[in-house]
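Coming up is one lone chain in structure tokens, specifically the form predicted alone.
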């Protein structure tokens, strides 16, 4: 899977190199956690490499978004608009069902294969546009599938309800349909000590990813910057090789099963077995196939 850089400082190592190209990625969080900053920073990274970008706003107009980018220390976003690299689609006053079913496919047909970066901010109004859960799912599915024809997509999603409760009715469908989900959240330090911002990768199809919480700050001019992240470790295959040797010498295993299991091990490395008891893994394989 080809990777593209996220633009978020310290995030790429947690995503095994970056976002998967032509994937849909949901950024979930309560107000103030930096969702719009994340989306804009993602587009900005591509624009720096002369990669076209599309900002689909369902809340604010272009002038307001440019103003907010300038306040974050990114005045160059206006220059990218003037150069024709950054396109804004203001869908804030539209009827979303009509926009997604009728207008969006026509737009995508002109941009298909452009390998652009696309940001939708926020996705939540699309869910509110219809009450029926099936219709909600269909609209979100059409939106994500169409935009992936253009390139790699980041969608922001507002979190409501109980703190740290990510499976609310507003979030569950987009999270299910997306290729990856990144959760931005506040964690209170206790008393009057304030709070920390934490990033967690909830899911990531077809890619390894960090399973830890990572503290981040939002810095003027830089944007989101992770304070701590997994140091890239040297990838070895010692554990898969160990399991493979044990399977090969096991006389009770049929040859075709040995071949199948050792082929599986070829695509794995030590990181994949970090939380597993290796003797138990071997025992489980033997119990299943002998």
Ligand SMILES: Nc1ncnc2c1ncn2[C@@H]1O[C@H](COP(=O)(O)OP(=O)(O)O)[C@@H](O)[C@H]1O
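Just so it is clear, the model here is predicted, and its values are computed rather than measured. Residue numbers count along the first chain shown, from 1.
Separately, the form predicted together with the named molecule exists; it is not shown, and the next lines address it.
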### Query
Just one stretch in 244 to 252, 25 to 33, 258 to 266, 47 to 55 has heavy atoms within 4.5 Å of the named molecule in the predicted bound form, so which one is it?
25 to 33
### Query
At 4.5 angstroms, heavy atoms only, are 72, 197 and 218 all close to the named molecule in the predicted bound form?
yes
### Message
Is it the case that residue 37, even though its partner is missing from this view, gets within 4.5 Å of the named molecule in the predicted bound form, heavy atoms only?
### Response
yes
## Note on the structure
Contacts from 128 to 142 to the named molecule in the predicted bound form (any heavy atom within 4.5 Å), listed N to C, are none
